[in-house]
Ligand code: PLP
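Below you'll find only one chain, the form predicted alone, shown as structure tokens.
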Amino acid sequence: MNNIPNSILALLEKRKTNNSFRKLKTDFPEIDFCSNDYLGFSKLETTKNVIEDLNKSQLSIKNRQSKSGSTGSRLISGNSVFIEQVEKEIANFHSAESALIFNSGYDANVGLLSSVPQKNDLILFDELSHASIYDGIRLSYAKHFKFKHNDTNSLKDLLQRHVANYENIYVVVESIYSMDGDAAPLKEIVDLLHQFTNCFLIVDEAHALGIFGEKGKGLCNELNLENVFFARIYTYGKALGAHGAAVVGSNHLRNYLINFARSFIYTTALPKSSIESIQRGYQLLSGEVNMQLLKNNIAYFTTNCKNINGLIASNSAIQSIILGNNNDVDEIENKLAEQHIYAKAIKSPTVKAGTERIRICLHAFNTYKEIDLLINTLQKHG
């Protein structure tokens, strides 16, 4: 009996033939233009060590609250006064009634989108939405259609054709898109949805948190639109340098997700150390730590990158250079690595064929000298 189906072997071989085979690596070049650690928070010594030396005497009954794991789901044994306190702090920071922490941005999007829309509802979403949004929508019982990227006319056409046929319509966008680094036309979308009574707007702020808005509160805050959204998702593995995510919205939404979001109900809760990292990240945002450094680096890059072919203009930390095939992006990633620069080749099928790219992430800790080296290398080999 074979221990691997031939169909699996064939799919793996096809990936290798197309130069789209994914591999894990550990030998990263030292100059980081790749990670989502935009503000460098993951590099700061900001959180205390909460894991005791387990080689010491056996834990007594008195200190069992110092456990390093959460030991269960939030509905079983993983909840705490501390987690709920941090959720209240998150809600206050984002001017919302409530917040609910999930284990990751992926879990948050999947939990929200798979549970909220019902059979008589419709989901309309931007075609360049993150994979977690796609997967959450696919798990929903609702009908769904995608609209052209950042195209309000495409969205309007879908709304006009379908608004009378569904009980509720959920429109899903990202405030800053993870691959192009461009911003959604949130004001125009909000104005459009005001024409309909049964539309609800959901926005993923994963790549806007820490970069846009007052104290890094996000693009919704910068545009003074926080209160018009049904749900906002804030992810902590990017600018906060932590782990997890939160869905922010009304108290009713929080209660609904606790009862129906399977990615919340049926998973072990984050440990206390992760919640402390989230809390500390928000404290750093409130102090505006490293924010101006990041803004300066974005401005410096965008001012000096005019001669890079294929560059998608962006005011965010994400800059992408479209090369159009897997072989070319591999070549440029290797040329950058020779200069000790780590910028990631993003290949199909992660992105649509023909839009393969080098994805650059700018950080507060990057120096002008490093940015100059990046630009010069791209101009030489791009």
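Numbering starts at 1 and runs along the sequence shown. As the structure is a prediction and not an experimental result, all values here were calculated from the model.
There is also a form predicted together with the ligand; it is not shown, and the following applies to it.
S.K.: Are all three residues 325, 328 and 356 in contact with the ligand in the predicted bound form, where contact means a non-hydrogen atom within 4.5 Å?
M.R.: Result no, not one residue of the spot touches the ligand.
S.K.: Do residue 106 and the ligand share at least one heavy atom pair within 4.5 Å in the predicted bound form?
M.R.: So residue 106 counts as contacting the ligand.
S.K.: Under a 4.5 Å heavy atom criterion, is residue 206 part of the interface with the ligand in the predicted bound form?
M.R.: Yes.
S.K.: Looking in the predicted bound form, any heavy atom of residue 241 within 4.5 Å of the ligand?
M.R.: Contact check for residue 241: no, nothing within 4.5 Å of the ligand in the predicted bound form.
S.K.: Does at least one non-hydrogen atom of residue 115 fall within 4.5 angstroms of the ligand in the predicted bound form?
M.R.: Output for residue 115 is no: heavy atoms all beyond 4.5 Å of the ligand.
S.K.: Within 4.5 angstroms, counting heavy atoms, which one of the listed stretches 160 to 168, 187 to 195, 265 to 273, 231 to 239 is next to the ligand in the predicted bound form?
M.R.: The contacting stretch here is 231 to 239.
S.K.: Here the chain is shown alone; which of 130, 254, 74, 217 has a heavy atom within 4.5 Å of the ligand in the predicted bound form?
M.R.: Result of the distance check: 130.
S.K.: Report the residue, out of 221, 140, 178, 98, that has at least one non-hydrogen atom within 4.5 angstroms of the ligand in the predicted bound form.
M.R.: So the residue touching the ligand in the predicted bound form, by this definition, is 178.
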